[in-house]
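Listed next as structure tokens is one chain, alone, in the form predicted alone.
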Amino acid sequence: MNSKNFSKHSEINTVKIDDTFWNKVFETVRKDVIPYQYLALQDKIDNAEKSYCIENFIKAGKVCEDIRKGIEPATYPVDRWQYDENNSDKNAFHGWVFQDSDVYKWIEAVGYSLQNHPDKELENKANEYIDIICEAQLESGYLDTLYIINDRNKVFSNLKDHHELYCFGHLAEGAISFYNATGNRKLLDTACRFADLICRTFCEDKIKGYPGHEIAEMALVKLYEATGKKEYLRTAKFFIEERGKKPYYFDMERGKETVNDNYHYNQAHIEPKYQTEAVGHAVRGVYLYAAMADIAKAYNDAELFNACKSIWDNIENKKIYITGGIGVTVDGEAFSFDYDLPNDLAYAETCASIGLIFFARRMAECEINSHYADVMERALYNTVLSGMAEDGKSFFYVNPLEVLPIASKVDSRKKHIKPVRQKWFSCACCPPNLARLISSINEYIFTESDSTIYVNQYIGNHMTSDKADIHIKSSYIDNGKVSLSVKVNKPFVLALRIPGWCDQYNISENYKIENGYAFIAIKESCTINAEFVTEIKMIKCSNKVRANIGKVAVTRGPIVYCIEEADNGKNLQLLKLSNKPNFIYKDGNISADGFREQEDSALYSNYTSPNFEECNIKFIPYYQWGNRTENEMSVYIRI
């Protein structure tokens, strides 16, 4: 591991987005998604599943007030993952054990949005929530509404399942974002008090445990970077080093006498530095892997980074959908075995692709390799954008590659597959996660080392650094063209990523290709024009992927396309591309020559060559599917 190759991402306030494609997405999140989620957290969306989130903080604040007055609060059970009016007292905690995290992610999104677009009314709404949250913190610094409301005596008694450290992680990240936007330290101080308690509680001499659902590790690194307090970095490292050691902490906290060696779900089966394969719950996994990369970089730990590289290789080459989705199975929302990528059972949780982007950016900061930004791009333009409706008011939790609406309704194996986006979820991790990622997309365009600025994503923007001011004008999605106006402050090297999907490209300056980047020595102000020739392609899977034998996906640049019933009629499985499809790209969509196989009326019959009728097949970007009506959808098509 070579520390000379280390880089860091650009901060939001140094990159201002101005991009034909992304301006619309940004505005949808700012004007529609964030206000909609503000109401959802208060249970004010008609006919949507309840959140209970703000309700719980108000209840916890009253408990804290009673404690200060010397009044002993009631206690309630803390024995399940989800609580509602039917299984718990009206005064008890309601929702999933991780419900607090939803408002923290919303505040993080607000912080990023405010850095991009100051908005006093939105800032005031966030401050309302921050006041409610801070009133719910115990004197010790502890802040988790499940245990504050239901039973203070059982704090940190079930790290495996009950998500206190996960909620802390989102609290810290939300607090940092809001502080960076406003200078208001109230939530940041609250997060630091909780972090200080965690650092006092978890160490070699006290509790040698670690989170059941990772993210505290990443958040502690961020909190260290924001405050300079090294205890936070050391505790993040401690959590990673303790994970997977035997005897297993998750067994010990339950008082088990025998080892339960079934902790792949939590990525706690072996120590992270020895892990080589992506396993278990996909979101937990990529959150852990991102933190592993953080710690490997902070401590120049080659052994830990090599584990990250092995895990990355396993995901990129054996466990990722063409859309950038990961986590195949509904059972445990988990990675499956190598090359197991079914289309109609795919889980591909929106949060998992967001976590994959976190992992990719951190790997790119550790090592020069364009594959990291390629995967980041594929996930961003496909699964992530698919997770949100065009109006910003409904969402996909699961992102399948094939949908038959009747199967989603009557086949229990496919109940998780929704043919239309949902207004909200009782388990609503994905919508605010989307809002915070998209609002912070500025941080994913560049990485910067002492001598080099790397352009990882071709999104129109204006970037400032001590080396140069760079203005990118981009029509990348439409025609692959990018123009970079560079105003030099001092000589440096500019590295342009050559997209993995691109076979031909033209760059107006002399360059040297290394690890998928074109390196250009910049000594004086200039304009660099790049064109990445954008072709419509038919992409096949390895023949080890059983679901896609004899099928292809249609792509153009980073965009994966799909077919919908609304354009092509029912029974999409009967469609077949021509040997010479004559692809035509127009207004963002693709049309192609193909055939429709004649339907068989008999369930079984002697084999005869099928009859086909010529037809025109229309493809739309995958991220746009499901915005018109409930209907069939498929990414892969027969050839």
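Residues carry their position along the shown sequence, with the first being 1. These numbers were taken from a predicted model, which means no experiment stands behind them.
FYI, the form predicted together with a further copy of the same chain isn't displayed, but the following is about it.
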query: Residue contact check: A226 to a further copy of the same chain in the model of the complex, 4.5 Å heavy atom; finding: no
query: Interface membership of K318, a further copy of the same chain in the model of the complex, 4.5 Å heavy atom rule; finding: yes
query: Non-hydrogen atom contact D503 with a further copy of the same chain in the model of the complex at 4.5 angstroms; finding: yes
query: Partner proximity in the model of the complex: S310 to a further copy of the same chain, non-hydrogen atom cutoff 4.5 Å; finding: no
query: Stretch in contact in the model of the complex with a further copy of the same chain, which is absent here, among 446-454, 80-88, 333-341, 289-297 (heavy atoms within 4.5 Å); finding: 333-341
query: One residue of L159, C427, I522, V552 in contact with a further copy of the same chain, assessed in the model of the complex (non-hydrogen atom, 4.5 angstroms); finding: V552
query: Candidate from E509, E365, E402, E253 lying within 4.5 Å of a further copy of the same chain in the model of the complex - any heavy atom; finding: E402
query: Members of 510-546 lying within 4.5 angstroms of a further copy of the same chain, judged by heavy atom, in the model of the complex; finding: K537, M538, I539, K540, C541, S542, N543, K544, V545, R546
